[in-house]
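The data below hold one chain only, encoded as structure tokens and taken in the form predicted alone.
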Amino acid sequence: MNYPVWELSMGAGMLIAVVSILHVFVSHFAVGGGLWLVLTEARANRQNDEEARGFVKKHSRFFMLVTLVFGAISGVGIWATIGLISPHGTSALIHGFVWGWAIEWIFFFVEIAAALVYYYGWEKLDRRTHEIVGWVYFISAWMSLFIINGIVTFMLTSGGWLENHEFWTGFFNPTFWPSVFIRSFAGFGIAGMFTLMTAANLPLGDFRTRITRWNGGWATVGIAGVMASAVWYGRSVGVWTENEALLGAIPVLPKVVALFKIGLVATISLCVIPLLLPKVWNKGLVPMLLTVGLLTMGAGEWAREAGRKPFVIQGYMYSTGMLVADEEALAADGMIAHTKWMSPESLTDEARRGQDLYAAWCQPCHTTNGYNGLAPFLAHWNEETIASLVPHLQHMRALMPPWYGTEEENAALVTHLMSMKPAEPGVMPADRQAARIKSFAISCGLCHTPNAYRSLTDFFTDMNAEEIDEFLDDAGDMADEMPGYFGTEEQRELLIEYLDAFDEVATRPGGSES
């Protein structure tokens, strides 16, 4: 760890998500909306359509306020949050792509200047010059997207950069081009969504019908392009080639990807309404479309972030700031030797030592009761369970960074985790089957799924309850990566019942475990 930890009860990742998703939604509008402005203006000029020209002029004010004010402020907010929450990752990206950032800032400056000239030049510039300014704006905005896309995709698919550390190898990484298409089409689609909002405020009539259909076309084509590009992107993501992440290696990922797919279908379903039935479009449908669009983009960004667990930069830096290249040193020296921010009290106080270790190596991803909260698990674990799990953290299904703690460091971390344990012990669900599933989730489910990632179905299918009971006694001796089992009598009974039913699971259509 290279910086004092900023502790957030909601979770550092959640704060970044809130700030960044809102910014990304608006920044994509800044790109697609710029193209919408100049093409719609050019179309109005060719057709001598003063109503359309007036609509573009009015919309450009809304566009400028949203993109330049909110977009710029939220962009600074991203730098502030990631700099405090993940200084190691931020530093690596700045140093690795310093010239890329510098070029992007130049394009951003031109983008802001062109947007201001475009808005204030409606009456002061001739039409041809005004259109040229619009094109300068769009090209600058799209180039900003182009450059940032290279750096963002590098974090998930670093590719050959791990071998040569060359700028262009990391920039044009395996997901660069599909992501450029996804983000470009997303910008066009979001531009259509926002212009549908301004169109809904127009008085009923022929022009409102025409401009609504035009804007609906932008939204529909944009989201359709995202859907097509997402298929290309999925095939390009190396971490998914064997489908381990989607099978459950990263538990949240299958759910988020499913939400993204559902969101795309819901978004395009709403977009075709103004395209095919422009007279039906109204103010009541606007917040629905924008909300679904925002949530869909959020799911897509979440999937990309989750897909690189446990890394900040795939194959190079873990979410804790540990470099892959430093693993041997940590394995030899232990964690404390590489934890720069240890308090003086930790030298003599085991509890404080554990707290400092937790802050450096666990808190970057976990909270007590917020996102990735540990309390719901700790409530069901005793000290023996926690002590058995700590040395095996990197083998868990959530794909956590490696832990190379010494026996002393493990004991200190266990002490701190026990202090986080809720005062009231965890209560199993009243429903018997739900309780069985819960018992699996808080023990075996940490590393396995019943019938997908590290499947246990085949292993337990031919075992009876007595054999499973004996297996649990010897679980910790099965493999170096496997912790022992120290659940309560109630948890043990429920788990045996759940595992004993795996022969039934194997015979069900699709092998469903529920």
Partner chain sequence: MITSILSTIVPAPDALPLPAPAPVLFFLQQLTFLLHLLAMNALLGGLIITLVARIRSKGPDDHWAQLADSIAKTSPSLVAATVNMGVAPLLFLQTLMGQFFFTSSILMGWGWFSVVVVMIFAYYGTYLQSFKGASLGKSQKPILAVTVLLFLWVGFMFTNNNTLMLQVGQWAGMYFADARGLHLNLGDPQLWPRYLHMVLGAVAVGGLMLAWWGRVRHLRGDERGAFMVKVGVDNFTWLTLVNILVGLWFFMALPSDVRKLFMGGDPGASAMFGIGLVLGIGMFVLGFLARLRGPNVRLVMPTAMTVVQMIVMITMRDVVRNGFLGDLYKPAEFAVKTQMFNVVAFFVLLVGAVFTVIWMVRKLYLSWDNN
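Residue numbers count along the first chain shown, from 1. These figures come from a predicted structure and were not determined experimentally.
Although not depicted, the form predicted in complex with its partner chain is the subject of the following passage.
K.L.:
Is it true that V19, H88 and W341, all three, sit within 4.5 Å of its partner chain in the predicted bound form, judged by heavy atoms?
P.N.:
Every listed residue reaches its partner chain in the predicted bound form, so yes.
K.L.:
Please pick, from V265, V324, L116, A398, the one residue with any non-hydrogen atom lying within 4.5 angstroms of its partner chain in the predicted bound form.
P.N.:
Selected residue: L116.
K.L.:
Counting non-hydrogen atoms within 4.5 angstroms of its partner chain in the predicted bound form, say which of P278, G234, G426, G96 makes the cut.
P.N.:
Among P278, G234, G426, G96, a heavy atom within 4.5 Å of its partner chain in the predicted bound form occurs only for G96.
K.L.:
Does its partner chain get within 4.5 angstroms of any non-hydrogen atom of T296 in the predicted bound form?
P.N.:
No, T296 sits far enough from its partner chain in the predicted bound form that none of its heavy atoms falls within 4.5 Å.
K.L.:
Check S419 for me: does it contact its partner chain in the predicted bound form (non-hydrogen atoms, 4.5 angstroms)?
P.N.:
Contact check for S419: no, nothing within 4.5 Å of its partner chain in the predicted bound form.
K.L.:
Is the gap between F167 and its partner chain in the predicted bound form 4.5 Å or less for some heavy atom pair?
P.N.:
Yes, F167 lies within 4.5 Å of its partner chain in the predicted bound form.
K.L.:
Hey, in the predicted bound form, does T81 get a heavy atom within 4.5 angstroms of its partner chain?
P.N.:
Result yes; T81 sits at the interface with its partner chain in the predicted bound form.
K.L.:
From the candidate stretches 31-39, 453-461, 477-485, 64-72, select the single one in contact with its partner chain in the predicted bound form, where contact means a heavy atom within 4.5 Å.
P.N.:
Correct option: 64-72.
K.L.:
So which bits of 124-155 sit within 4.5 Å of its partner chain in the predicted bound form, heavy atoms only?
P.N.:
The stretch 124-155, when checked against its partner chain in the predicted bound form, contributes K124, L125, T129, I132, V133, V136 at the 4.5 Å heavy-atom cut-off.
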